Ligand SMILES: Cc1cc2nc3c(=O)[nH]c(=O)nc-3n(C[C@H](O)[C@H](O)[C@H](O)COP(=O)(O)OP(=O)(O)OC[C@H]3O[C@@H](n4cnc5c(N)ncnc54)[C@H](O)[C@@H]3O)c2cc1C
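Presented below, as structure tokens, is a lone chain in the form predicted on its own.
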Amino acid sequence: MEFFVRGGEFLADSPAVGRVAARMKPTNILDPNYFHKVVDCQWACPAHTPVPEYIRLISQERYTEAYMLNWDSNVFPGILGRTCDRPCEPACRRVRTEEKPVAICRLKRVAADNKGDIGAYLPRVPEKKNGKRVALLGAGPASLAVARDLLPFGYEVHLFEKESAGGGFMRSQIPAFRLPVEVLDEEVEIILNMGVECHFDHEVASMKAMLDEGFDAYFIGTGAPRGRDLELPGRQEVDQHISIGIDWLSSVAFGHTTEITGKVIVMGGGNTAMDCCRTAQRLGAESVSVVVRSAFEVMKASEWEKEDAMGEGIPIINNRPPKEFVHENGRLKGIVFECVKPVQGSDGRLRYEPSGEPDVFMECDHVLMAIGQENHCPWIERDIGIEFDKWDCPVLDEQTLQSSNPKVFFGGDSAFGPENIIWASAHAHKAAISIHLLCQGKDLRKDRPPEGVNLISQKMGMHEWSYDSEHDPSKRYLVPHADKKLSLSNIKMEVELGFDRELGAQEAQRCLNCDVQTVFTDRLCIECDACVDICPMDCISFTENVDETELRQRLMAPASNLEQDLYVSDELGTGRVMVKDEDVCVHCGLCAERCPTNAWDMQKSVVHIPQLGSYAE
């Protein structure tokens, strides 16, 4: 008998074939990650929020339940519904059928805006503590989420923050016209009111001194607090006319800066640059321009952030790296920019070459520098067992987020550099599990709770499902905005008004319910090919089992997206196998309705992502 290798496993070849033939193994649908990957939005979300489930709850006007489902995984639904970087949306299956994904982020806000009293749904925090003390450094989203996960388990949680209120960079970096302070305060206070021992206006100056306090574990969630600068000719001479973007936004947020005059240039192409330019316009700048060294398409700012800035009349000028600051008697006159053009190299990356145009001088009175952020932890001594890399980031175990000092954990921007709030929540869940295991004397890797999956049939009758399976090719609904004249004159007026209940319900109907899976039972199949005939996406095929590369080409429609799996059955009566391309399936359920033997069923996959949870043991 001959053998072949696939995926690191030896499989026996049939003696009748007479040669080594690589065949695909039957898909193990009980592997938690299999159907998790099929729910593209949930798989792409760092916190793995069960997106289709909460969207269905919104469509049923069960807003409080939709909010709590979000709160359990991402912790800040009202905040994220306004500010999330939306990694879920580019992954949405709607982009396979229509141009725009479901407005997942804005639907999260619908749940937050329309929820009822959530008091009865919050986790119970025991009055009697378990004897373990945990210190959280920084009151940003990562630390707050760690507190939420630990408190129901009886931990005594102490929070240390240099500012007078919680929220971290959510408070200091995100302008009020994007995130109203009352929304921020509400979700921060939900956690603080669970019993956090708060030490506000307490700047930690020495990690060594903190370790001497004798806490059982420490979580550092202080963010990436230093904005990058540019060393160009003339930089030092015009220092008083240049502000670092994140510091300037913080000064605005805490009321120290209330105006900016003259012509303003914002340098940088990320979301901070977009916040800076829109804020400067509201604080009275004569004119505001954004100048970026890279091409428009590769700017780090989210598409909607760029759209909002340009919608407010702010020009974005690309392919202009700065050369020098021009000054006269200590006064900034403007900046000289080189003109370049993007050229795609053989490796697919863009490089920038001189365009042949003369340098451009742009007049300005003030520059807001928003060219990136980096970790900066001078208060963490380098002789206390916490190792740092060449980028001044802590050396961490990526699964446990434990540093080289076993009592110290990192999360959020301070762990791997600047990311979005949703990443902070994801880090927090990991770190909270690790802290719990450490405090209970368990192994941080071997004793971590496993992932799991449940499959629940949605069948109510022969041709009736407990969810709306009809595919409606509807386009994405536009989010209403406040009147531009009013919003530009009031820095605290929220620009996006969000969906009302009616628009929210209509947008929710665009969800394709990707968590309701087509589940195939091979022993019931009679190979009538009825499912093949009725499938609107030609994603089901019955064919000879061969190696994956060849199999992908011999399907009804070739399966070219290698990031999406093929669903392969065991061998059927004729020797063929059923193969379904998970990439293009729209979960319409027609195969299950048409099947005469119930070999196909629509079953909701409920993926369990391990975290300490929002309830006590």
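The numbering used is simple: start at 1 and walk along the sequence shown. All values reported here derive from a predicted model rather than from experimental measurement.
Absent from the display: the form predicted in complex with this ligand. The rest refers to it.
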May I ask you to choose, among F499, F337, F153, F160, the residue with a heavy atom within 4.5 Å of this ligand in the predicted bound form? F160
Contact with this ligand in the predicted bound form, heavy atom within 4.5 Å, among G227, P394, G167, P101 goes to G167
4.5 Å heavy atom contact with this ligand in the predicted bound form for all of T49, A111 and A508: no
Can you tell me whether L249 touches this ligand? I mean in the predicted bound form, with a 4.5 angstroms heavy atom cut-off. yes
Contact label in the predicted bound form: G138 to this ligand, heavy atom within 4.5 Å: yes
Looking in the predicted bound form, any heavy atom of G269 within 4.5 Å of this ligand? no
Using the partner position in the predicted bound form, report whether D413 sits within 4.5 Å of this ligand, counting heavy atoms only. yes
In the predicted bound form, segment of 395 to 403, 340 to 348, 416 to 424, 231 to 239 with a heavy atom within 4.5 Å of this ligand: 416 to 424
Where, within 465 to 497, is there a heavy atom within 4.5 Å of this ligand in the predicted bound form? Residue list please. none
